[in-house]
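First, one chain by itself: the form predicted alone, in structure tokens.
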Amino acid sequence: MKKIIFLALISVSFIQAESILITSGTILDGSGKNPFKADILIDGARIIEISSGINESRADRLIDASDKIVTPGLISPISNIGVVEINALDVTTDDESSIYGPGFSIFYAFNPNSTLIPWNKSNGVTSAISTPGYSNEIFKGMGSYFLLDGKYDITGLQDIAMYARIGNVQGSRSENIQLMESMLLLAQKLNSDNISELLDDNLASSFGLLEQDIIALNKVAMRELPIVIEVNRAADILQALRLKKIFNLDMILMSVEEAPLIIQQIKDSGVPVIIDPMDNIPNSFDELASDIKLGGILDKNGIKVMFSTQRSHNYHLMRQGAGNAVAHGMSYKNAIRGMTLTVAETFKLKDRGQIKKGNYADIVIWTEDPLEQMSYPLSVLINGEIQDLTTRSDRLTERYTDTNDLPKAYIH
């Protein structure tokens, strides 16, 4: 007899190698196209068909998504999921290095049993780019991509982007911009025979650059690795764009609070941006031109927008930020795209970020509009597997409310 899953908050074990049919859902496929109703047939990790009236006999398991919204799984373009548990407790943080600079990789520290994973997954985030943390250095290191399926057999992509910062870094910003340019120029010279010579260079020696640092910078300078630069002041954004032009960098800008002052230059550069639409009150002199309409302004100028969040553990709150951006002028379709396909395209996450035939089945079925704060996922699939949405909060609630068969002293 065929098994049917009705949309409900249920705990299930990972389902391996079965075919799943999601029926009658309203699909926002992540591409920016208008929503449409269709069935989705999944076999193993991939979507194999999207159409109306797919025969139920073709699937081992059915999920009824009638009157529900179906989207790709959300992708966080910046996070510390899996590498930080408690920011204030050093023994639980693995997002900084005291030895490496640009060549620092957080990949090997990823903890698939992190409490941040079920919490964000149960709120619709199915994968994330985990990145080096706050640093006074210009180049913070490289971020890696991970599926949030909780498996110890980790599915991820190592070192997919370099993260850097202009402004609010130790020393003169003029010096830091010059150093950024000089380090890229040095790394540009790298070939198979001269690494020792480059390591002996005065610049490399002064800043303790190791072989891994120069190799990583060379990948940025050669456009093999995108660079994400956190920057806010309009003048600093222009300096970042100058470096992009000099080195032909594959660049993404992040934060960009003063972007409206130089919107044409950003538009002409073609760079995508990562913003937090909830952050519109100046926190420094670099952000005096902050504008709550930032998302709408960028979107209307054809600039690709992705989302970050102020809450270091709650990356799912980018939904709230995206909703805020829509409320202040951003198109709804591009807001959904900014949490899904735009991230996948920008960071070259192949076959992710869109509900499309042949893509991996990272899918979320929502109670209602995913940009509404009260909406939540009823079912989450990662690589075609139905996920357990139980969180630590659920387990603690169960532990301290289910008092059957316990001594009276335990009941309070």
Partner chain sequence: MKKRILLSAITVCFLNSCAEPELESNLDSELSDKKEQNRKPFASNYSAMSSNLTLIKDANIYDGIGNVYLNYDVLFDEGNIINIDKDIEVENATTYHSDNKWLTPGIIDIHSHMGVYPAPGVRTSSDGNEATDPITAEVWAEHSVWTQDPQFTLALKGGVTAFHVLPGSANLMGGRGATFKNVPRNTIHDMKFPNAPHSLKMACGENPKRVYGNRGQAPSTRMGNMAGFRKAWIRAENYKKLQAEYYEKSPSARELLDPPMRDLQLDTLAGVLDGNILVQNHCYRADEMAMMIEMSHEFNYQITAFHHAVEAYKIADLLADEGICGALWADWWGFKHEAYDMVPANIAIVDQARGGTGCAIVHSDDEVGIQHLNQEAAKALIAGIRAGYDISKARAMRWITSNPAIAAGIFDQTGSIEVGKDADLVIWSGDPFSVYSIAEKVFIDGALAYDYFKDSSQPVTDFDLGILNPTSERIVQ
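Residue numbers count along the first chain shown, from 1. Keep in mind that what you see is a predicted model, and the values were worked out from it rather than measured.
The next section is about a form of this same protein that is not shown, the form predicted together with its partner chain.
A residue is said to contact a partner when one of its heavy atoms sits within 4.5 Å of a partner heavy atom; Ile246 fails this definition for its partner chain in the model of the complex, lying far away. In the model of the complex, its partner chain lies farther than 4.5 Å from every heavy atom of Val91. In the model of the complex, its partner chain sits beyond 4.5 Å of every heavy atom of Tyr108.
Put simply, Ala327 is close to its partner chain in the model of the complex: some heavy atom of it is within 4.5 Å.
When you look in the model of the complex, the only residue of Asp95, Glu137, Asp279, Asp159 with a non-hydrogen atom within 4.5 Å of its partner chain is Asp279.
Note on contacts: among Ile263, Ile154, Leu288, Ile215, the single residue with a heavy atom within 4.5 Å of its partner chain in the model of the complex is Leu288. Stretch 376 to 384 is the answer when you ask which of 47 to 55, 65 to 73, 349 to 357, 376 to 384 has residues with heavy atoms within 4.5 Å of its partner chain in the model of the complex. Annotation for 289 to 326: interface residues with its partner chain in the model of the complex are Ala289, Ser290, Asp291, Ile292, Lys293, Gln310, Arg311, Ser312, His313, Asn314, Leu317, Gln320, Gly323, Asn324, Val326 [heavy atom within 4.5 Å].
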